[in-house]
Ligand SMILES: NC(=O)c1ccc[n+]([C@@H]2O[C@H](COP(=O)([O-])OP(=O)(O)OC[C@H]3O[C@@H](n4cnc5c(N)ncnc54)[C@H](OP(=O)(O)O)[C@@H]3O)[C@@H](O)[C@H]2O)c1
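There is one chain below, alone, in structure tokens, taken in the form predicted on its own.
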């Protein structure tokens, strides 16, 4: 599958990159088990995802994903360049032993923090080769500041592979242009299991983030559904 960017408001992307949220989830909407296991995609779907990775400028995840999964966030199964890795990590909790850090001199790695992040942790990440960006003075990374800086750095397309918290923060603020979901034929259950979008959520249906259907295709045992966001 070759990912083609949807047509969208060009003015919007003068200020931030184009963002595709991609996730695999069970039939009951879980992206991980209560124990934290999240490998849901079929081999065919994994190849699709890595083809997208090879076609974008950046891949973004939150610190929760790094701490639980310790991903490499590189391209496998297909030929293509590795995208710049972007870790949203307000307090610089990314371990120096994490895969994204120990390979930071081979694959460009950005770690977005706030001014409240401990300097000792920031310095350790920078010594390892990571590019630490201070994005805001609050308790959480300012997404508008981060996205604006990424745009100016030449990162025009981002694949968002976040957990439920980062996904909701991005979607609810209008920073996502499309959503692609691979539905795995499994039911995981668990009231505490992570879903595609967690965070605060909405209290009323009328306040939901609205999508428009684009298409669906089967990859191995998974059904991949693609949506654009209504603005």
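Positions refer to the first chain, counted from 1. Predicted model only: the values in this text are computed from it and were never measured.
The protein also exists as the form predicted together with this ligand; that form is not presented, and the subsequent description refers to it.
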Given the stretches 67-75, 151-159, 124-132, 103-111, which is the single one in contact with this ligand in the predicted bound form, using a heavy atom cutoff of 4.5 Å? 67-75
4.5 Å heavy atom contact, residue 93 to this ligand in the predicted bound form: yes
Would residue 36 show up as a contact with this ligand in the predicted bound form if we use heavy atoms at 4.5 Å? yes
Considering non-hydrogen atoms and a 4.5 Å limit, does this ligand approach residue 141 in the predicted bound form? yes
Although this ligand is absent from this view, report whether residue 20 comes within 4.5 Å of it in the predicted bound form, heavy atoms only. no
Picking from 63, 176, 46, 52, the single residue whose non-hydrogen atoms come within 4.5 angstroms of this ligand in the predicted bound form is 63
Sequence order please: the residues of 162-195 with a heavy atom within 4.5 Å of this ligand in the predicted bound form. 162, 163, 164, 165, 166, 169, 194
